[in-house]
Structure formats: structure tokens, C-alpha cells
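In the block that follows, a single chain appears as C-alpha cells, in the form predicted alone.
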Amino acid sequence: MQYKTIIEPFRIKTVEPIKHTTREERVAALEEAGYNLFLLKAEDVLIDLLTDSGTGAMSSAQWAGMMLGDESYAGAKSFYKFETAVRNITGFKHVIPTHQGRAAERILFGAALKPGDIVPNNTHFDTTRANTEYRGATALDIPIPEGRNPAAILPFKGNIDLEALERTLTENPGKVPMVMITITNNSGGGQPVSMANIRAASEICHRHAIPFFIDACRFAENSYFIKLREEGYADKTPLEIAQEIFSYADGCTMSAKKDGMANIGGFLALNDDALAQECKNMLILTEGFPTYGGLAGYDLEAIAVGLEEVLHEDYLEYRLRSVAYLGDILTKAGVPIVQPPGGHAIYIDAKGMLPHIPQSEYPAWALSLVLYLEGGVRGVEIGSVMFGQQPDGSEKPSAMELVRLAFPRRVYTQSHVDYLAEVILHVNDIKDQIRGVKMVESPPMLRHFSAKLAPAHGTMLTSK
């Protein structure tokens, strides 16, 4: 008998209390935080879906592994376990640990980019874009056209536009030091990239003698989507699929806070000896010795175990189905979301939900505030606050206005998701009352982390 209910593939051994707040308390919290959900106190959040980065629950095997952590400054046993785990999946020659993914990006781009360079990607996420632009380079997003249409349903809507990639490399000789593909495509709604697209992008890059890198934060989820959706992969394991993905690349950056299943950590892995040495030199200057890279030995142990656990099929089935479960409820109720649901998050299409709010008043940011106001739910805006600010200080509306609700790994149960659905459906019922916001304080880079905003019309919600 094949039962329909997919249960969590774990038992709960330790619990952490969460605090209920009143609506009045949430109003006060928003005002104190300058209407920026990043600046809330976490204890004032009931369901925290701000990010799935470093917010997951670690397994008993990971906690046990941490007790074996070798804290030697150089050559620790824990590093070699970590290195073996990364090499088993990626096959890359050089494995350089970092304290998180953005450190790997900064080190790689510091060694490889110069002002005027162009870095194509299916879609850069926030820190990748910022680290590219900090070097004076251009972060060029070239997703397939359907990737910018939230309602379009394709099995691999995260793909890079191969014709645009070919054209970019042909028209910009000497100005493209690398190409990246982000798996899954986070800014594009957590959408997966097909193996065929990765293989073809690799062939284009290597024909032009340009290194090809993977932003591998959610490589396991992407691998499982390939198993489910791409012809020829149904009988392959997620590990085998991941190994093939990395075989087409020259290196990768990784935030182990995502599909490393750990609370901190990341790495840069690559094959080029000279580039690896330059990156290690920078690592020593800013992160630490190459066998710890800003991490404790017990962190390296936790990541080594997490990289093995994340490829378990029962976990991946539960992970993707949890997100799809919420997506099914919202779709049935007519809530516009990025279709089909991604692997780690639901993305609400705020532009579709709130057409009365102009992009100059940041509809996705406004929607994220009302979700917290009405139900204590914290998501994150992926729209014109996050991506509208240009390197020259000008403003350009984002292609999409999304609110991402990212599921921490192994943290919430189905009852939490059912409550979340109730909150979203309630907010959808009062959507016509939601009003936009205005910018009050805007830092020059990554402004969404610390900007201050305010209601553009004196209130977030008009009276009924």
C-alpha cells in the first residue's frame, strides 16, 4: 500500500518554545524596527521564515560529530573529514573552508574580478550581486524569459538563457572572467535548473575558454528536482546527480548554512591551482588558516555529516513536499505565487496580489510587513528594496516583487504550515486595504538588511 501522507523523516527530541505576541505588540515592534523585518527581535516572531540559511535543526549524528571536533589550528582531523565529504560530492581538487557563502564569494571575486568585468548568471542573489558590484564588475542576470513570469509553469524555470549567454560571451571578449549558475535559482522563486541546461552552459563557457562556476547553496534540492522531472534521471540517486552537475563545472561557492544542513559555514572549491593558491592567500588574510577558514573544528564536523544527510531521498521528498503542500493550499485559494512551488520556499507574487500599490512604494515589502502584523510571520522581500538600488545610486524597479517564505530545515511541523496558510489567506482577504511604504534611511549596499522605512500614507492598512 502506497500511502499519500508524507511524514517528517525524523522524531523530535528537543523542543524550543516560541512566544505568541498580540497585534498591539507587533505594531510597536514594527515601529521600533523602522518597518524592517530584519531589525525585529527574533523572540517577537512566531513563525520565522526570513531565511533557510543557518536556521535549520541539526541531527543527532551532527551533534555527536561535533563532540569529535579537532580544534587544532592547522591540519585538524576535522578538516580532512570535511574535505573528503566535499570532494565526494563535487570532485574538485581544492577545498577551501569559509565561515559562510558570502565569504567564499568575496574571496573568489577578489581574486578573479576587476572593474569593468561582466559575470553572467541565471540570477544573482543579494550577496553574490553585492560582492560582484563591490569589485566594480557587472552582475548580469540572464534567466530564461519564463523565469520572470511568476505564473508560468515549467519544470526547470530556473534555467539560464543559453542564447543570451552565447551572445554575451561573443560580444564581450576579455571582459567575462567567469560564468555562474545558481542552483536552485533563489531570486527566481527557488526554481531548479535542468542537467541539460547546466551541461549546455558548461559547453558554451569552455568553448570560449571561460571558467564555469556553480553557486551550490541548494544543490541537493536541485538534484532531487532533476531526479523527479528530467528524463533519464529517475533511477539515479541524488548523490549521483549532484556529482554529474559538478563534473561540468570548474568550481563552486557554497553556503553550508543551506544544503550543508549546518548553522554556520561554507566553502569555495575549484580545480585551478594558481587561482586556488591566490584564494588561500586571501583566506589567511581575512578568514583563517586554510584548514579551518574561520570555522571551529566542530563546525567542520557538522557540515561533513550534513552534506551526507542532505542527499537522503526521504529527507528531500519531505522537504519538497512541505513547500508544495502550502503552495497547493494557496493556489486553490487564488493567492498568486511563483509557479510551480520551489524547493525551499513559497514566493508570493506581490505585484499580482497588490496591483494598487506602485513599485515606487515597494509592494512586496509592504506585504511582508502585513504578514507579520496580522500573524507574527516573518518572511523576506525579494523585490525593489532588495534589488532596486543600482551601483550608481539610482533606482530601478525590480523585475518581480516577491515575498519569500523560506522553510528552515527540520524545524516546523505541518500544524505550523497550516497556521501559516491561515495567515496568508486572511491577508489575501484584506489585500485591498494594504498600503505601500516609503524609504526613510537607505545604506549604499545591501540596503534591505538595515534600511529604515515607514508607511507611505500614514498607515499600513486602511480601515475596513
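Numbers for residues come from their place in the sequence shown, where the first is 1. Model, not experiment: these values are computed from the prediction.
Just so it is clear, the following notes concern the form predicted in complex with a small molecule, a form of the same protein that is not shown.
Only one of 320-328, 217-225, 164-172, 288-296 places residue heavy atoms within 4.5 angstroms of the small molecule in the predicted complex, namely 217-225. The closest non-hydrogen atom of residue 186 lies within 4.5 Å of the small molecule in the predicted complex. Within this chain, residue 182 lines the site of the small molecule in the predicted complex, having a heavy atom no more than 4.5 Å away. Proximity of residue 409 to the small molecule in the predicted complex: non-hydrogen atoms within 4.5 Å are absent; the residue sits far from the partner. In the predicted complex, the small molecule sits within 4.5 Å of a heavy atom belonging to residue 51.
This chain appears without its partner; in the predicted complex, the one residue of 255, 90, 384, 78 with a heavy atom within 4.5 Å of the small molecule is 255. Comment: the small molecule is not present in this chain, but in the predicted complex one of 94, 102, 378, 280 has a heavy atom within 4.5 Å of it, namely 102.
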